[in-house]
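First, one chain by itself in structure tokens, the form predicted on its own.
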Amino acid sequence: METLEIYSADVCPFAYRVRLALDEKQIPHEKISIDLENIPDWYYKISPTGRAPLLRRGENVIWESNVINEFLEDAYPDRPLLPTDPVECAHARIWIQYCNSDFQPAFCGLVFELDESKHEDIRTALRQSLEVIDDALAEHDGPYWLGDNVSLIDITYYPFFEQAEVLAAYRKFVMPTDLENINRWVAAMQARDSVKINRRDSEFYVSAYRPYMDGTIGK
């Protein structure tokens, strides 16, 4: 079996998704860290986008976090992270898409929008999305999105919640304490070995995001 290489950045929630999937599926791999503020020239020779994450197996490269994770699911079927039932699997993909189309744009929009006059509307959209997530988590018994077993849905969403202190520190948005299903789910995810291996503390994220929050990145 050819060695898997994951090109990753600790601050990147999308790269975090892939690291979680690799560790949940217990797939041997080598992690190569990429400094997103100083991307090396050699990386552009193997990456079509210059962004992280990127997975390389032999001469083949795969990029985009959700695509990488579905590749891992197909290529390494042991320890599955998607339901085997086609309907349930389709529903799982719908919730993954909701993260990418609604929740993540609101979360990241609040991070990267420098115009403070727009922040209140984004905070409202983010709160509404969190309420949708909280209701969805209530639909199944068990600690995770689909019940007793962790899935790609959990892996898709969790990195943003680990970074939530960034929003409190810079954007006056504190994760609501009244959304009890989310709070239980976050606690369950934090107890997983895959998260313990990869987790960074809030001080790391607050420091790492400072150039993005004050607009100095790239200057």
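Here the structure is a predicted model, which is why all the values come from computation and not from measurement. The first residue of the sequence shown is number 1, and the count goes up from there.
The form predicted in complex with a small molecule exists for this protein as well; it is not shown, and the discussion that follows is about that form.
Next on the checklist: If the cut-off is 4.5 angstroms on heavy atoms, which of these, 171, 29, 56, 51, is the one near the small molecule in the predicted bound form?
Outcome noted: Flagged contact: 51.
Item to check | Partner-proximal stretch of 172-180, 185-193, 36-44, 146-154 relative to the small molecule in the predicted bound form, 4.5 angstroms, heavy atom | outcome: That would be stretch 36-44.
Next on the checklist: Please tell me whether the candidate spot formed by 25, 70 and 80 is one where all three residues come within 4.5 Å of the small molecule in the predicted bound form (heavy atoms).
Outcome noted: Contact check failed for every one of 25, 70 and 80.
Checklist entry - Taking 4.5 angstroms as the cut-off for heavy atoms, does residue 64 touch the small molecule in the predicted bound form? => result Output for residue 64 is yes: heavy atoms within 4.5 Å of the small molecule.
Checklist entry - Taking heavy atoms and a 4.5 Å cut-off, does residue 17 contact the small molecule in the predicted bound form? => result Judged by the heavy-atom cut-off of 4.5 Å, residue 17 is in contact with the small molecule in the predicted bound form.
Next on the checklist: Please determine whether residue 208 contacts the small molecule in the predicted bound form, using a 4.5 Å cut-off between heavy atoms.
Outcome noted: Contact check for residue 208: no, nothing within 4.5 Å of the small molecule in the predicted bound form.
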